[in-house]
Structure formats: C-alpha cells, structure tokens
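Below, in structure tokens: the form predicted alone, a single chain.
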Amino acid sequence: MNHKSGYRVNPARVFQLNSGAHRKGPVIYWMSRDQRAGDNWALLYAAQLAQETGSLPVVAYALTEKYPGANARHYGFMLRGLAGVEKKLMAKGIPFRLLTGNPPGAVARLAHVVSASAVVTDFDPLRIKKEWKKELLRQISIPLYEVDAHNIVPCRAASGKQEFGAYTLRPKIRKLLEEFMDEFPDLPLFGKRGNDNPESAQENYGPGRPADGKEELNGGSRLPGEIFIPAEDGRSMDWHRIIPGFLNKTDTSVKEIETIVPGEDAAMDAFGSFMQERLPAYGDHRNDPNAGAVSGMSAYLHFGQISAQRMALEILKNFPKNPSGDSFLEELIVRKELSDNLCHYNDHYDSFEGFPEWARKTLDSHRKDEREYLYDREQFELADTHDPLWNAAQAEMVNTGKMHGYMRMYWAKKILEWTPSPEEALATAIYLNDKYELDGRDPNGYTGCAWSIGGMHDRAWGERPVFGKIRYMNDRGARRKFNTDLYINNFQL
C-alpha cells in the first residue's frame, strides 16, 4: 500500500460521537449522505486514519428498502450512482461493500468481521440518521467519527444553535468561509496497482483474499444479507442484476426519471452545462419557471453525488464577483446550510411544534376560519383541484421528479389554504414532496415546507383569513412574475 500522507482533513469537520479506543485494523467508511468517491471529506478522513495506522479504508453502503418516503424512483437513482462509486473506489484500491438490512446492525457486523479499528460516517441532521448512529454506538466499542462533508462550513462550526434566519447565519458563515473553502486533495492510492487497474481493490482484497492478516474484506466472510452478485470479471459487482433485483422489493408505483442521469460524472457534466449555459441568467430569471435558468442540481446534491464545495470553488474560479454567481452561492451555501442548521437543532423540524412561536399562535387563532376549498390528500396527489396553476406544479413534480423553486412555495402555501389544519397541511406537503421529488427526504424540503406553511425563517405579515400572519401567495402574484399559461400548458397529469 501507499501510506504516504500529504494532507490532513480540517479537524473542525470531525466530531467523535463516542470515546472508543483505536486498535489495529481497517477503517470503515459508512457512506450514507455523501455518495461519491471524489471531493469527499469523510472518505478522505477515513483514508487519513487508515494511512496513519498502516491499514486499509473499507467503504460500506447499508441499504434498507424501508427508508421512510423512498421508492423505486429514489432507489434507482441512488443505486445507479453507487455503481459508479464502486468503480472509482476500485481504481484507488479501496473495497466497496453493499450491505442490506438494518443499517446500523449491518455496519456493526461488518466492523466485527473485519476487526475494524474505527468507523467514519457522514454528518446528517435528520432524525432517522441520528437514531441509526445511536444504535450503532450501542453495538461497537471502537471510535465512531462523524465528518461534515455536505456543508462547506460544517454545521456545528457555523453555529451552536438554531438560527432565526439567513440574516443571522450569513455573517457567521462568511466569517468562516476562508478557513473551510480549501481545495480537495486527491484520494490516496491503496493496493498495488490502483489507478492502473480499476479492479485492483477486489483483486487484492476480493473473494478469499485476506486484508492485513484479518478476515476477508470481500467474498469468504460475506455477511448475512450482503449483496455481492459478481460481474463476469468476478471482481466488480453486476449492477445490471443487483439494481432491478433490489427495486422489485420496493414501492415501484413511482417510476424512475430517465431524463436525469445519476452519478458523480453526470453531476459534474450537469453542473458544467449550468455554468456555461444558464448561470448568466440565474440572477435575473431564477424565479421564472419558464426561463430554464435554474441549476437542476438538487437531486445530485441530495444524494451527495457532487460536493457543494466543489461547485462553489468552480463558481468562484470561473465567475468571480459576478451577480448571478453571487446569487447562486447565496442559495448553495447560506440557504442550504440554513436548512441543515434547522434540522440539526430543532427536533420538530417536520411538525407544527417546530414552527416559531408567533407562527403557531397566529395559525391557532385561525383554525376555525372557513376555507373556500377543501381537498383531501388523494385529491392533491391526483392534481384534482380547482386551480390549474397548482395542478401544473403537482404534475411537474410527479412527471419530472422536481418542481421549480418558486412553484414549490406557491404549491405548499395553497395546501395550507385548502386543508382543515396546519398539521394536516404540513403532513400532506411532506408526504407528496418526499414521495415524488428526487430530492425529497432532505433538510431543504422540510425547511421549505416549514417556511411556506409555518413561517420558519420568515417574519409576520399582514393578517388574513386562514393564513393569519403567515406570508400569503396567490395566482395573481404569479401571473405578474411569469407567463402562468405557458407553465400550465407544459405540465399536466
């Protein structure tokens, strides 16, 4: 192995979740939120620890077909991306293992089988991921490190509390940007041939081959439920068989989106196209759903197939002091990291209890207001309302796996207006968003719903029926901003 280390991950990105002691053995990187081999501080930290102890990093992804809100649309995009991750890791001599079942249990079993020295995983502010980590901690005695590879300024470093809004978080992030906006080092090479042979990871640590005198990392010590269907070479995995086999175990009623190609390479290509073709118009036209000025990068960011820091570095290099570039960086850094801040520090980020006090009071005072229209969840899901603009937004999401940002706000606020209670409105918005959006089940989605329905990160506005002092939106305002008839004609169920 090549043990030469020429970098160190900023320790402020790393948070040790227990007091476990190191021992000799491989370092497991439990890949979860950040599904990429390149530009990944968590993977780089696992490699750093492995180099320091003369061992090997092992990347594991733990699949569960029961992740809340996920279906074949999400799993298909994710698995096709992971196929590319395996190939890139093999080129660096790093084994990749695809585990199934209860994720923390699967990772704990792997740690036992390979006599791991430590586990490194991704920072994730969502409740389910925190619960998984707590469960893993009950099953291992080795160190568990959490590395924030998703945010440019790590969430804990940016702030130690829930922020009131972008205006309070922005100066804190700006103060720390220079410290964390560093260029990524290359992922170190492990194994004998690495980049010369993308199969070297499985060849050196494949079926029947021990790693550092420990039990086998691939093959002979296969874990219960672990997926390894070999390709013809016997080393890499046959994803053409693995993916449909797994998808058949999930909810297949929501179809995959074939127009968005998943994976690290596709993400970089898509971002390059955005910078060249649409970024110049972003500042002036990003709120027009017909203008085609948005980035289209939300799915890639959600699955961690591209690094937000890589995107920011490229913007700053190619569009320095550019108004459109600055507008995009505001969304990419401040607004996105504000969502992580909310979900990390507010345990009720997806419920009425998590709304600001003023918003709860004003919504409570208007609970009994008469609603001109009332729809149940099924009617919303079928885009069966009286409003063709709202129906078009729902159809865009169902058919394309995404919805323009301006329309997401309008869409959620109308759900509040047309349901019996704010609790039901929030639950319906989250259900639909998580089911159909490729970037659903994400802090940005929960924060967007909380902003639209519960005044999160907003201020009190003029009082009106149903909404109280929550910001109001209607189709007349939309018509003043863009050609709503064109948008409606473009989308229908």
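Just so we're clear, the structure is a prediction, and the values are computed from it rather than from any experiment. In case it trips you up, residue 1 is the first one in the sequence shown, and so on.
The form predicted in complex with a small molecule exists for this protein as well; it is not shown, and the discussion that follows is about that form.
Although the partner is absent from this view, T428 stays clear of the small molecule in the model of the complex, with no non-hydrogen atom inside 4.5 angstroms. In the model of the complex, Q48 stays away from the small molecule, with no heavy atom inside 4.5 Å. Although the partner is absent from this view, K129 contacts the small molecule in the model of the complex, with a non-hydrogen atom inside 4.5 angstroms. None of the heavy atoms of W239 is located within 4.5 Å of the small molecule in the model of the complex. Although the small molecule is omitted here, in the model of the complex none of R13, A118 and E146 has a heavy atom within 4.5 Å of it. Residue-level contacts in the model of the complex: of M78, I173, L136, L363, one residue has a heavy atom within 4.5 Å of the small molecule, and it is M78. Only one of the listed residues (F380, F303, F96, W418) places a non-hydrogen atom within 4.5 angstroms of the small molecule in the model of the complex, and that residue is F303.
Note on the interface: of 66-74, 464-472, 50-58, 37-45, the segment with non-hydrogen atoms within 4.5 angstroms of the small molecule in the model of the complex is 66-74.
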